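Form predicted alone, single chain, as structure tokens, below.
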């Protein structure tokens, strides 16, 4: 029962993140700062005594957002704007917009004019592989730190920043451990539950998240591996808001052993070294972790990372789940699929909208891949 009760905490928060955040604000009085991308430097916000959280679009219809964004825009961006315009984010105090893809950058402009909240832009470099871009990144983070201090009349001390870095490092280590445990023994926790854990951690009070994660990891470590021979799947893409996808895969005697998602491993991959220059340390993690396709290190970098994951986790097939109209991920796919064919690794690419359920066509294509395996 302990494992089940602990998981239910994550399930409830993942299902109703805004309800959780409203209660947290009422209970603690903390300033709620939403973010639109995993390139948000949460450590700086935590060190200022603020509560950072990832905005997950909850709206199913985009009637308000479509007055500002084209209908063929990314459903994640349109959903976030709809939530902001509809009042679903009435507890929100500020938003951080890292300049990742073009859609997020345009959302920043529209949000500033139409949604009441403090507004921060983190002007990330597009290329991350040069010394000049790295030094620029450090200056961007320093500027962001100063803007936060001025906006909320706080001083972000090095001591508090080191404390927040240590906390986030512990969270990332626990999430990595959870993923590794599932890769070694997939039956110990369902794929939809694992997704719920990551999503919940993105919005939870980070100290509470650490306690809950530690309790879950301690229980799962005691589970004995079954040695099952299920086919091993890796999901790649931006975000996955469809927990049903894991049930479809698991019902076909297969299991998702890893992912390469912004709502998955990209959130917690890599630790921050406690260097003397803390801004440089934070920037270093962002430049060294698995890079988002919106940043330019070339498709070779993306493919090498994917190859590493395939070999390390003994992956039998890759499922690319791409949001419709998400250009950075779509641009990389043709080159990546060519490399996978050379490796002899099966794959399938499905396009989806964040707010739509999995339709029969998508289900049939996934079923076909799994039956071939």
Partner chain sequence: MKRIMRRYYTEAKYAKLLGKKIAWITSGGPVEPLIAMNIIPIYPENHGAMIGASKLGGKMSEFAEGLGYSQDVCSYVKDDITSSITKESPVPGGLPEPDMLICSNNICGTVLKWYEIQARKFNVPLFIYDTPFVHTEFTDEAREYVNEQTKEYIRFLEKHTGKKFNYKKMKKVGHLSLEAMRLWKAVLDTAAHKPSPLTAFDAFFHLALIVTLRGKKVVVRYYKTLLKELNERTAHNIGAVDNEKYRLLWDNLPIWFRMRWLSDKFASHQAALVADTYTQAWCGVIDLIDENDFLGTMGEAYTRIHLNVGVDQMADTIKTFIKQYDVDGLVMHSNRSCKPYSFGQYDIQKLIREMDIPVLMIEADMTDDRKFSESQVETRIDAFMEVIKQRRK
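All values reported here derive from a predicted model rather than from experimental measurement. Numbering follows the first chain given and starts at 1.
One more form of this protein exists, namely the form predicted in complex with its partner chain; it is left out here, but the text below deals with it.
Please state whether all three residues 10, 213 and 290 have a non-hydrogen atom within 4.5 angstroms of its partner chain in the predicted complex.
Answer is no for this spot.
Only one of 327-335, 51-59, 30-38, 307-315 gets a heavy atom within 4.5 Å of its partner chain in the predicted complex; which is it?
Among the listed stretches, the partner-contacting one is 327-335.
Exactly one of 130, 157, 224, 153 has a non-hydrogen atom within 4.5 Å of its partner chain in the predicted complex; which residue is it?
None of the other options qualify; the answer is 130.
Which residue, 192, 169, 103, 185, has a heavy atom that falls within 4.5 Å of its partner chain in the predicted complex?
None of the others qualify; the residue that does is 103.
Close approach of residue 176 to its partner chain in the predicted complex, 4.5 Å, heavy atom:
Contact check for residue 176: no, nothing within 4.5 Å of its partner chain in the predicted complex.
Check residue 108 for me: does it contact its partner chain in the predicted complex (non-hydrogen atoms, 4.5 angstroms)?
Taking the distances in the predicted complex, the answer for residue 108 is yes, it comes within 4.5 Å of its partner chain.
Any of the heavy atoms of residue 68 lying within 4.5 Å of its partner chain in the predicted complex?
It does: once its partner chain is placed as it appears in the predicted complex, residue 68 has a heavy atom within 4.5 Å of it.
Consider residue 303 of the chain shown here, and say whether it contacts its partner chain in the predicted complex, taking contact as heavy atoms within 4.5 Å.
Close contact exists here: in the predicted complex, residue 303 approaches its partner chain to within 4.5 Å, heavy atoms only.
Taking only heavy atoms into account, state which residues of 113-131 are within 4.5 Å of its partner chain in the predicted complex, ordered by sequence.
Sequence-ordered list: 113, 114, 121, 123, 125, 126, 127, 130.
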